[in-house]
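Coming up is one lone chain in structure tokens, specifically the form predicted on its own.
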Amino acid sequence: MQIATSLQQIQPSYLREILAAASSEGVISFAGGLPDASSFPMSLMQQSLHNMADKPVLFQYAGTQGYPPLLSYCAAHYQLKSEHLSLICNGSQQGLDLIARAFINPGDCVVMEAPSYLGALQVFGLAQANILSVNSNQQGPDLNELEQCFRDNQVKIFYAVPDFHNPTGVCWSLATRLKVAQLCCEYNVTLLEDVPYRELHFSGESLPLVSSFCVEHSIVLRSFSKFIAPGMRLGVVSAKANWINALIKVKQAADLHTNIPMQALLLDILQHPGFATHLVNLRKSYAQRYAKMAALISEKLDNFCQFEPVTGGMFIWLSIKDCNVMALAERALTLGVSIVPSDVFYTDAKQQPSALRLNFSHTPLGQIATGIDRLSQSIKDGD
């Protein structure tokens, strides 16, 4: 049987491929967007997990939209408008896939920042969207380029990660947020705002969601993977009711509903008296790891690389002048450190700036120096 034409165009995920190698004994991984497993709030789960044995109703088939008490929590906590709904998904990645299947026809224009999240590039590629890229800077997307793109094309969706962007770590300025919202309203473009890292700010103020300035022209994707536990595979999509109802139809055909016991467990964690402390400690831990990695890069790689400071999230975007970053990633792996080259974050990597995405959240504090030493040696070996 022949593989579908749409799938033939999609390359395997570099990150999924490299994670197998990165998990090998002795390899220090700066590659995956992995949270720190030792930070998972296991103590907040214990009583809930124990009580589940007395709640067989949680293990029955349920409604597609999600566990009603969790949906109520999301509506209140995220201050959703009364005419808006949420849908609980198997991670925000499934939400992204449902949106593409519900709203994207082959050839529809989807705008993304360059570079952009690899998982979104794959989803929209599989949907056979016409992916248009706009360059980004330390304030967010190039606004002149974005408006020109909206003006010249019949754009359906603008996909963006405004808070601690993957892969660059950039947090959009307030002025950029306001202007993007204005442009989406003016040109009738739906903003697909993906905010998996929003809870991971460790300095500076938390800025309003871009979607809060264009509520009727936006869909918000949230994930609980980065600040609770990715193995629970839970995310939530919020938007106008008619849009969520369309997603529910697609999800019914996909998997009926998301794991109900995990949804109940998630709600108990979110409402646990110790949850706020968990978030504070997580942010402190990531701030320490970021500071350690940033200091070591400045000390040992300053002659080769440059990076812009970040105020949250999981990533440092390391620019390297005139470098074959794919070859560098291969050399680094042979020396026992895994990294992600910039090529995988572009629809077309040709003539794009050379860079690496480094993850600082996963590697224990005591191993970061060894990893940077190995990366430094990999770069020198390529000179």
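The structure presented is a predicted model; accordingly, all values stated were derived computationally and were not measured. Start at 1 and count along the sequence shown; that's the residue number.
Only in words, not in the display: the form predicted in complex with a small molecule, which the text now covers.
Residues placing heavy atoms within 4.5 Å of the small molecule in the predicted bound form fall in a single listed stretch, namely 155-163, out of 183-191, 78-86, 125-133, 155-163. In the predicted bound form, the small molecule stays beyond 4.5 Å of every heavy atom belonging to residue 172. When the small molecule is considered in the predicted bound form, residue 259 lies well away from it, no heavy atom lying within 4.5 Å. Within 4.5 Å of any heavy atom of the small molecule in the predicted bound form lies no heavy atom of residue 313. The shortest heavy atom separation between residue 117 and the small molecule in the predicted bound form is within 4.5 Å.
Checking 238, 211, 92, 263 for any heavy atom within 4.5 Å of the small molecule in the predicted bound form turns up a single hit: 92. Only one of the listed residues (201, 226, 289, 217) places a non-hydrogen atom within 4.5 angstroms of the small molecule in the predicted bound form, and that residue is 226.
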